[in-house]
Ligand SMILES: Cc1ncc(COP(=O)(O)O)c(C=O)c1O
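The chain below stands alone, shown as C-alpha cells; this is the form predicted on its own.
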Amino acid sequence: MTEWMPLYKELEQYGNSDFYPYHMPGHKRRQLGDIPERILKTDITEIDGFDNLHQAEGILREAQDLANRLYGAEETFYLVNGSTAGILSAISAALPEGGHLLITRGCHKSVYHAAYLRKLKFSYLYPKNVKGFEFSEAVTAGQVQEALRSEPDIGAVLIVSPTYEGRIADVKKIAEIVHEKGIPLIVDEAHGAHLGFAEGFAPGACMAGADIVIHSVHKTLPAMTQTALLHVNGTRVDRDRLKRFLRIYQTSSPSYVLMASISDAMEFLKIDGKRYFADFRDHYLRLLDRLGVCKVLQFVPAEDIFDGRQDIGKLVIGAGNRRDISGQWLYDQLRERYHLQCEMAAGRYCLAMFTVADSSEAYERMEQALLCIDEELFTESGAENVRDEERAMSGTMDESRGKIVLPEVCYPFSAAWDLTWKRERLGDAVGCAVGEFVNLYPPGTPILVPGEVLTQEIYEQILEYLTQKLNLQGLIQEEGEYYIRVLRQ
C-alpha cells in the first residue's frame, strides 16, 4: 500500500482481489449460510497489509491517528469489545490493586466489574434529581471537590457525562479540581461520541482536560454495535500499563468488520460531520418547540441545551402530573400504537434517542404520536392537569418519589460478591445484605450492590418498580414469588 485509504475500502479491495485465504476465519469469504457475501468478504484476520490492533503500526495506526486528531486527544485506541473494555482498562491502569476510586453511583456496570477484578474501594457521588423528573443531574464540580477533601486517599475519579438521559457535567472545571490533587480523571462519555463537532453542541471531554475518555461510537454515530474508542491525554496514567490492560480485556481476534465501521464513522465526521450535525440540531430543536404545546407530557426544555446542561437528541418523555401513568405505559403506547421503539422506560418517563442518522420522518412520526397521546391524556383527565407557566419544569412532582435512597453498606463490594449466599423470599430479606446486583436495565444503574442492605425503603421502591413492570434485574421469579440472593454471613 503506497497511499493509505480508509480501512473499509482496503478490506473491500482485498475481498475482491484474487488472493486466496488459507487463513481464518473459517467461512473463507464464501456465503454458505445466510450472512451476505459482501460482509464476509471484509471479515478477515491479521494478515499482511492489515496490521494488528494490539501493536498497531500500519493501517490501523493511521486509522486511530485520524480519530485522535478529530477528538483532540494525544492517543486513541480502537475498541471492538465496546466501551466496557475501555472502562475496564482505564480503571485498571489508573489505580493499583486495592486503590480508592470516586465514582458516580449511577455509572455503568463495567465500573463495578473493574472494581471487583482489582479489589478497589469505592466512594460514591450522588447528584440531585433534575427538577420535575425522577432522574439525576450530572455530577458537579463542587461535589467532586468536597469528596476529595473528605477522603484524601482517593486515587482516581470517574464521572459519566453525558448521562443516559443526556445531562452534561462541567468536565473542564472537574478536571481542574481533580488535577490539583495530581490524580487522573476518567470520563465515561459513551453517550457523547458526537459532542464538539458542530456549533451548538457541548464540547467533548477530550478538549476539556480529561485524562482518559471512553466513547461508544455505536451509540450516537453511524457505526455498528460494539464499536468504541478510548482516548488518553497527559502522563497521569501510564500508557504502557494501559496498553497491557487493553490487551487483557479485548479479544485477541478483533473484528475487521467492526474496525472498518469505526473507520467509516471517523471518515463521516471528517468529511460531512459539521453539515449533518447542524441539520440534526435544527431538527431536534424544532421538535422540542412543537412539543411545547403539550398540556400533560413533560420534556426537558431547550434552555437546558442552550446552557450546555442537556445533550441534543435525548428526548426524555415525562408523565408530568399524571400519577396514574408510568414510563412503561408511555413506552408501550409508542411501540404498540405507533410502532415507535424507544430506548428505555423508567418509573415516570421513557427515553427516545435521536442521532445524526435520523431522517425527517423520525421527527414527524414522534411529534404526531406525542401530540396525539398528550391530547388524549388531557381530554380524559380534565383541565386540572394543564401545565401552566408556573408548573413548567418547577418540580411540582411529589419529591418523595424518585428521591435518592442511600445504601447501607455491610460488606465492601469487592469482597461481598465472593461470599456465600442463599436464596431468600424478597419480603423476608429486608434487613439482609444482598449477594447480587439489583438494577433497572437499561441503563443498569444499581439499586443495590452486593454487600449492601435491603432496607424497608429500598424494598418498597423495588415493589413499585415491579408494579410498573419495569425491567428489574437481579431478582429470581418462581410461581408468582420473587426471591433475592442474600449473604449467609
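In case it trips you up, residue 1 is the first one in the sequence shown, and so on. We call the rigid core whatever largest set of C-alpha positions still superposes within 1.5 Å between the two forms. Just so it is clear, the structure is predicted and the values come from calculations on it, not from any experiment.
Here the subject shifts to the form predicted in complex with the ligand, a form of this protein not shown in this document.
Put simply, of 300, 195, 266, 190 only one has a heavy atom within 4.5 Å of the ligand in the model of the complex, and it is 190. None of 333, 414, 84, 250 but one reaches within 4.5 angstroms of the ligand in the model of the complex through a heavy atom, and that residue is 84. The three marked residues, 100, 175 and 236, fail to reach the ligand in the model of the complex, with no heavy atom of any inside 4.5 Å. In the model of the complex, the ligand lies within 4.5 Å of some heavy atom of residue 160. Using a 4.5 angstroms threshold between heavy atoms, residue 218 counts as touching the ligand in the model of the complex. Contact annotation: residue 167 falls outside 4.5 Å of the ligand in the model of the complex, judged by heavy atom distances.
Across the options 291-299, 354-362, 371-379, 75-83, residues that bring heavy atoms within 4.5 Å of the ligand in the model of the complex belong to 75-83. If you take 121-137 and check each residue for a heavy atom within 4.5 Å of the ligand in the model of the complex, you get nothing at all. After superposition on the rigid core, displacement of the C-alpha of residue 49 between the shown form and the other one stays below 2 Å.
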